[in-house]
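Here you get one chain, nothing else, as structure tokens; it is the form predicted alone.
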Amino acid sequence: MTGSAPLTLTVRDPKQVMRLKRLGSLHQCRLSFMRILTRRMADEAWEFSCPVFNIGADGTGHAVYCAKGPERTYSLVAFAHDLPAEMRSDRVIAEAWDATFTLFDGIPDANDITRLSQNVPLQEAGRVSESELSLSRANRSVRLWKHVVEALAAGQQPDPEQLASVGYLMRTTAVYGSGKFGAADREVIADRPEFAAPFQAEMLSVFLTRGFVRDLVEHEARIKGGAAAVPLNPEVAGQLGIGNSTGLGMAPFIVNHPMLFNNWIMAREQALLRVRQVQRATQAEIDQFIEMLGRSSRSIEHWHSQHPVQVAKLGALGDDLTAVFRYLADLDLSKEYPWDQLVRWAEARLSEEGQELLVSLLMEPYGHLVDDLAAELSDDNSDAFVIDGSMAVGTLNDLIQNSYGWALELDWSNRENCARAWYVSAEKLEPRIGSRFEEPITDYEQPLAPARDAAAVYGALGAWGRDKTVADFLLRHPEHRHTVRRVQISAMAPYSEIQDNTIGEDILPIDMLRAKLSFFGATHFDPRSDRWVRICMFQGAPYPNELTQDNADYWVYPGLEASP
């Protein structure tokens, strides 16, 4: 006889996972979109080139960066501009930027470049075509950019502490895709293997942008320093990612895409379940987990924020890491089901930040158990959005009780529970959140309060017999169609709904932003208010010309001896 019976586990309860505080504590993991992209490109031996670098001595012009995969080539077309300091803004209402970009489907010819040069620099005010897969822009970190140019021009490498304090030379303020401003719809590229996982075109655009930024800063250093100038040391360049400022425009995404968000969370929970079910960890797996824990701890030492909520979370995370190292010093990971024991201990002892960090780290030694779940991250189940009118009202009632039971217990007449309202800015066509009782926005409210709306349907159903159909109900109450659809989706997608009030007085939209950005693979979340956050992307990743199977995956964790 060998050991005990197989461990009986299930995925974590949505009531535990889908709370905003926990969603706002998620970390990148093996299933993050950036890492899926770099692993794939390395496995398929993609080739990268820069056939055009037409940047003048004044730092303006355009460049083209090509990424050649097994079947297709994609090109980042980058435009560098001379942006007056008074026009530099990260806000979405900005009208000019230091650099603008598009990801072209193929290799652009001269006519394409001319067309793009007349539209891409305008961003929202311009129009691209179905040949373009993304549209984006970026601004310099002015202080760090100047320091790096001056250092390289003088034949020196930049100060590591200054690099670590910022982490990027440029930050994007938007990366649009999926049909925005004339770009190709998701359906145009969804059947391409390289874009099967979500947001792969956008991630490829940012990956190539990082190479352009390095080339541009080195170009300006050569213009300034002449023969004395030196390029960035590869190790130094590796410390630089692409910054990003993300605001409210992204927050409703996880509410508006319930099936897609369910698939993201479900894949992550399935990955955790598979790891918890490992009966015996090999020494190599234990060693890799310990190594990634140490490397992650070093990265967290350089994670800074001034926002009081994030400051408190980082403090708790530091205490959590201390507790984890102490616990592991006494825990024999060679015994049965070591990872399940670690998860159970963490749930009792650590903050949500600490628990979710461990969830991410536990996946690292188990690519053979986890990575295939990347194929399940997208949503191609369009039938899920078709309302089943034949469903009995009694069944719908039961679904609401099961999925929204917590919402039925809230007093929705209490002003605190509906203090906020989501609406769309007429100026920028972007979502915003305001004070329902202090601003004239109620008439423009968007359907982004599924909990309140589910409670309203539940109340309306009270007078209906259980044997009546949903079709009968909606003929009388068409105003509830969107909520009935969500309730029916929740029956097949248990992680489709946030289990918190999205219009309450204490809502923190940054929790919604982080939930989405963690799946992108973002690190070092730095909320600048409760409504927008700065992050870093591809920090530590190899540049296109450096990408190999050896460095395609764990780049997100800095070396133990290196700065992050």
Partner chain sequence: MSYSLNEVEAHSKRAARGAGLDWGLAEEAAKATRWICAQGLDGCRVLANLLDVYQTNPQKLGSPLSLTGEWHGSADLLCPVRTGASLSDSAQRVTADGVEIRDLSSPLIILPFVAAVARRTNTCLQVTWADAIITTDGKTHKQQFATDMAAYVEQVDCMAIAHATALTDGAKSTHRATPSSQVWETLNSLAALTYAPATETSRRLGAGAGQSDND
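Residue numbers count along the first chain shown, from 1. What you are looking at is a predicted structure, and each value in this text was computed from that prediction instead of being measured.
What comes next is about the form predicted together with its partner chain, which is not displayed.
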In the model of the complex, does D383 have a heavy atom within 4.5 Å of its partner chain? yes
Quick one: is E95 in contact with its partner chain in the model of the complex, heavy atoms, 4.5 Å cut-off? no
May I ask you to check whether F437 falls inside a 4.5 Å heavy atom distance of its partner chain in the model of the complex? no
Give a yes or no for F253: in the model of the complex, does one of its heavy atoms lie within 4.5 Å of a heavy atom belonging to its partner chain? no
Note: its partner chain not shown here; in the model of the complex, the stretch from 466-474, 335-343, 361-369, 260-268 having heavy atoms within 4.5 Å of it is 466-474
Among A284, A426, A348, A227, which has any heavy atom within 4.5 Å of its partner chain in the model of the complex? A426
I need to confirm a contact call. Of D388, E376, E150, D319, which residue comes within 4.5 Å of its partner chain in the model of the complex, counting heavy atoms only? D388
Would you check whether its partner chain, in the model of the complex, lies within 4.5 angstroms of a non-hydrogen atom from each of R171, S178 and W532? yes
Sequence order please: the residues of 440-454 with a heavy atom within 4.5 Å of its partner chain in the model of the complex. P440, I441, Y444, E445, Q446, P447
